[in-house]
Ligand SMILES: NC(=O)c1ccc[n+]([C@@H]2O[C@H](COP(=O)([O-])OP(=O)(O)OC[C@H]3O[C@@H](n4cnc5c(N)ncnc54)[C@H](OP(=O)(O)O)[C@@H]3O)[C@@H](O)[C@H]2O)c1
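Read the single chain below, which is given as structure tokens and is the form predicted alone.
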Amino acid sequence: MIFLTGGTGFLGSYALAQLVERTDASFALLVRARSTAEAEERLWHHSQLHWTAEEFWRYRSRIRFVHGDLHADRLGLDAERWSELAGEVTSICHIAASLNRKSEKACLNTNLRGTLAVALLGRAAADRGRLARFTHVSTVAVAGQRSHEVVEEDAAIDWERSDYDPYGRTKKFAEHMVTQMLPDVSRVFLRPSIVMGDSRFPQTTQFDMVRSFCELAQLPLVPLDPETRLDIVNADWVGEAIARLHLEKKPAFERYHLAAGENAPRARDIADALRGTSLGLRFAPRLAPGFGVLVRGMNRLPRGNAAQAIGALLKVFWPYIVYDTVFANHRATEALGRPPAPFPAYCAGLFEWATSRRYTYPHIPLARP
């Protein structure tokens, strides 16, 4: 049985879809829901990107919901249920995380306390001789503050280097925690970069970074150097990488960057790809410092103000847009046999769909059999 956290989230839905389709395994999904029906609705929320309702119900027979709490001792399970789960689990894929880069509290609770609880389950399963793999989905943000670099996997974590935000800091410590607690377990750490869009279709159910990208693209002058590299990777490639590396019997490495790597597009490449839309992007790199100040000022406006919402989004992602740093992806590319799709190949469709939909997904109600 594969124990999966974050399966009802955006990235988790991609990984789950791949895992279900590539195996005949059963799954235990940790979920916060008051009922089975609510858990099914939560799972369907993102899964409709991948499955029809008929496929959902076919795969549902292999999915067991574990009604628990990532923030609670023993994941909110009583001692008997915890022991039972530890005796059933053969691998763990931990994807759940708080991406709230502004809230240290949220990151500490989810990324540290949550990872601790999942690692303790892994320890209990390993002590029973059952745990074949612990996969921890981390982030390239563990690399901390960088500038104009190509970062290799084994050189990403530098404990003397400052971090941009609580998200990167807590994910870095979470990796360390898993390493220390499960030294005798086969571990894989997977670090996605900026995950945005799907190379197969323009639809998405995740909009924070997409909206930041679209708002920047619509500025009269884009405050970026056109040669700045943007390490953006497509969700379908990342989901496949998570599933395949989790299922790999003997991974060649312990750490993988799920990133665009040295082939990451430059801002001018993305601008060229958007020429076919209504946009005519013009770059003004000298405006970058002032734009950063403007974004911080917008973020301080009263909540509910449209400018404040945009400022809050851009403040979070701005450091990762301007640092011109990419993450070597040779390991993952070799493991999958192909690189991720270039963002310029699908960004125009994503832009037009997201803006025309006003950053909302037309969710379809779950049809019950």
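Since the model is a prediction, treat every value here as computed from it, not as a measurement. From 1 onward, residues are counted along the sequence shown.
Just so you know, the form predicted together with the named molecule exists too; it's not on screen, but the next bit is about it.
Student: Looking at 49 to 57, 324 to 332, 29 to 37, 307 to 315, which stretch has residues with any non-hydrogen atom within 4.5 Å of the named molecule in the model of the complex?
Tutor: Only one stretch passes the 4.5 Å heavy-atom test: 29 to 37.
Student: Consider C107 of the chain shown here, and say whether it contacts the named molecule in the model of the complex, taking contact as heavy atoms within 4.5 Å.
Tutor: Result no; C107 lies far from the named molecule in the model of the complex.
Student: Applying a 4.5 Å heavy atom distance criterion, does A241 contact the named molecule in the model of the complex?
Tutor: No.
Student: Is H71 a contact residue for the named molecule in the model of the complex, using a 4.5 Å heavy atom cut-off?
Tutor: Although the named molecule is absent here, H71 would touch it in the model of the complex, with heavy atoms inside 4.5 Å.
Student: Indicate whether H257 is a 4.5 Å heavy atom neighbour of the named molecule in the model of the complex.
Tutor: No.
Student: Pick from L85, L77, V142, I95: which has a non-hydrogen atom within 4.5 Å of the named molecule in the model of the complex?
Tutor: In short, I95.
Student: Going by heavy atom distances of 4.5 angstroms or less, which of V151, L281, A264, V195 would be at the interface with the named molecule in the model of the complex?
Tutor: Result of the distance check: V195.
Student: Considering only 1 to 40, what residues come within 4.5 Å of the named molecule in the model of the complex, judged by heavy atoms?
Tutor: In sequence order, G6, G7, T8, G9, F10, L11, G12, L30, R32 come within 4.5 Å of the partner.
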